[in-house]
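Take a look at this one chain, the form predicted on its own, written out in structure tokens.
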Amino acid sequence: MRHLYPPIDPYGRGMLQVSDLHMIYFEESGNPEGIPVIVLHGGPGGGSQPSYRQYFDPRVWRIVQLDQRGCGHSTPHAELRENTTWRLIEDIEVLRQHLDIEQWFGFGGSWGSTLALAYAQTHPDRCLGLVLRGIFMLRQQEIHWFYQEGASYLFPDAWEAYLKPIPLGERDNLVAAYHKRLTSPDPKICREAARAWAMWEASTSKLLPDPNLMQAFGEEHFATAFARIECHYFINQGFFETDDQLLRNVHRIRHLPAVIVQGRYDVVCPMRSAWDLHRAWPEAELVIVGDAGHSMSEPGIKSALIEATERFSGWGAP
């Protein structure tokens, strides 16, 4: 069983202007001459965390993190304008060029896996490989399972709290009902909806409930960006052309080395999506963690992710 590397501080931080409206926060940790890796956080709207640095040997890796548009330290906070999958991919490329990186690994879980796949399929020549976790491809069936009907049968207690802000007459399309409230000009309505949305995910992310995670997700600043941006992406089908776009375009990246880590009891992003991706991309190794849910911090998932980064640590290491 692998354990996190010791905490480290970034050796570089910055804000990068990516449009007239948006500035994104980025940071670099580890070895400035090491193997570059871009760490893509979840959500969308989740923001980076210091613990993400600890999945990599800091002697070997040049660890790059960014806060995607509208979240974390990026500005403006919780902004939905000019916030699409393809804008985020452009931001990743702008950051790569800004940091003078030729190629890098992609590392991401949940929405981070979505964005990593979309980026790699758009710029396969810039990718050395991928480490993915908790596969989410933003297909309608995935959205329906978690936000309309499916996960509700496993967590009926948490589901009641998720339903609370929505009147009975609007519950046939909960994403649309939430979108209406999360974009309301009334701050009170928006805050109530944001907290309920964020707490639903926090309540279901781990095999065993984690009060610390729920407290963090319930914090107003985090919940507002997380809920608004997630719902914005979901109601727009991730800004993809087709529901199965990421699966259809797997041929563009099948030459890349990849590890897919999936919790068997992941309720947020059920294993079916990882299985579908693996069937379309059999060259990618699928690691099923039998005693885990969705969170990357669960012991088995944590260990599998670190094993993957250690396996790739020989790729151009100094």
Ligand code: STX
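Because the structure is predicted, anything quoted here is derived from the model rather than measured. A residue's number is simply how far along the shown sequence it sits, counting from 1.
The form predicted in complex with the ligand exists for this protein as well; it is not shown, and the discussion that follows is about that form.
Three-residue candidate spot Ser110, Phe217 and Phe234; every residue lies within 4.5 angstroms of the ligand in the predicted complex by at least one non-hydrogen atom. In the predicted complex, Gly46 approaches the ligand with a heavy atom inside 4.5 Å. Under a 4.5 angstroms non-hydrogen atom cutoff, the ligand in the predicted complex lacks Lys302 among its neighbouring residues. Put simply, Gly42 is close to the ligand in the predicted complex: some heavy atom of it is within 4.5 Å.
Though the partner is left out of this view, Trp200 does not reach within 4.5 Å of the ligand in the predicted complex, counting heavy atoms only. Partner proximity in the predicted complex, defined as non-hydrogen atoms within 4.5 angstroms of the ligand, places exactly one of 84-92, 158-166, 226-234, 115-123 at the interface: 226-234. Taking a 4.5 Å heavy atom cutoff to the ligand in the predicted complex, the contact residue among Ile38, Val268, Ile253, Val289 is Val268. Of the candidates Trp145, Phe222, Phe240, Trp104, Phe222 is the one whose heavy atoms come within 4.5 Å of the ligand in the predicted complex; the others do not. Taking the ligand as positioned in the predicted complex, the only residue of 273-307 that brings a heavy atom within 4.5 Å of it is His294.
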